[in-house]
Structure formats: C-alpha cells, structure tokens
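Below, in structure tokens: the form predicted alone, a single chain.
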C-alpha cells in the first residue's frame, strides 16, 4: 500500500483510477485506503509546490538553529510545539548536532525575520541561543527541482 502514498506524494492530483493503473491495486481498494489515511491523519493535506521566486514574490526565508535548555521529564516537545504556533514559522524540526531545533521562518523582509527572531523566538522560555541563516536561493523544494532542465545537446540519430 506504500505505492499508493508514493504516487500521491509525487502527484496529489492523481485520481484513484490512475493510481490503480500505476500500482496494480484495484480502484476500490485505492479509494478505501486513501479515505482511511485521510481520516487517521496519515495523509495530512494535499499540497502544491510553488516556485515563489518565479511567480515574483519577494518573501524572505531563514533557517534558525535554536539551542534549548532541556527540562527533566519534558524533553523538547513543549518548546517545539510552542515555537511551531508562531504564524511566521513554516517548519520546526528536532535535529542532531550542536543545536536542538532547526526552524524555518518566513517574512516579507530580512528585517521582519530578524525582528521575529530577536523579539519573539529568542524570548521563548528555555531558548538559550539562536543562529540565523538566510536562504539565498532554492534549487529544489519538497522533492521538486526548481531549476529549468538543460536543453538536450545530443545530435539526432537518423537511420
């Protein structure tokens, strides 16, 4: 059944009929699994990957490494969940390494992102340090290449 999710992950518009054709699973079974996964939260939502730079949107994105003072018996979950509630936050991940959380922040300008980090994020209880890295260019996002393919330079072969 993983095949159904793999198809949906690459094409959220894939119909049950097309998924059935691609996977060899009958269409009714595909529909049943999709409905069950939507109900249980395995499928969280359907998404479109947009190249906002190509659209002309000038949004600014930063990755902020966050160091958190862990609290006995609570771990990182409560701090991560509190940080995730800010509307400026697009993603929060617990990571290995010198910092504890990697946070993706989006704003209209570098100043707006910097103000968010300085005034809101760094003020969250148990956040002890932040390190901000501004995104300069996206080449691939959510598994989708955002660059134009190079033109085919091969010579045509004729019989």
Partner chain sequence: MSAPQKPFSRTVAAIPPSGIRKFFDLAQSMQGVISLGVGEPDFPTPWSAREAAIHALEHGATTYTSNSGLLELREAITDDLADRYGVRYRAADECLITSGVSEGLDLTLRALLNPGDEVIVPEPCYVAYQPCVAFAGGIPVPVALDPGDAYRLDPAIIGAAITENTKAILFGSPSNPTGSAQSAADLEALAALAREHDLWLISDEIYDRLTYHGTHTPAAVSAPERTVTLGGFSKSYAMTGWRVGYACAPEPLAQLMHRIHQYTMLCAPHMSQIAALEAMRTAQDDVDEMVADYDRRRRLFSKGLDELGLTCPVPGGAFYVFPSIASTGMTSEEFAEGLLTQEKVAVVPGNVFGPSGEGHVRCSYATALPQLETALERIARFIGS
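This structure is a prediction, so every number in the text was calculated from the model and none was measured. Numbering follows the first chain given and starts at 1.
The same protein has a further form, the form predicted together with its partner chain, not shown here; the description that follows concerns it.
With its partner chain left out of view, the stretch that reaches within 4.5 Å of it through heavy atoms in the predicted bound form is, among 23 to 31, 108 to 116, 89 to 97, 55 to 63, 23 to 31. For residue 18, a non-hydrogen atom is located within 4.5 Å of its partner chain in the predicted bound form, even though that partner is not displayed.
Among residues of the shown chain, residue 148 is not one whose heavy atoms approach its partner chain to within 4.5 Å in the predicted bound form.
Along 137 to 159, these residues reach a heavy atom to within 4.5 Å of its partner chain in the predicted bound form: 150, 154, 155, 156, 157, 158, 159.
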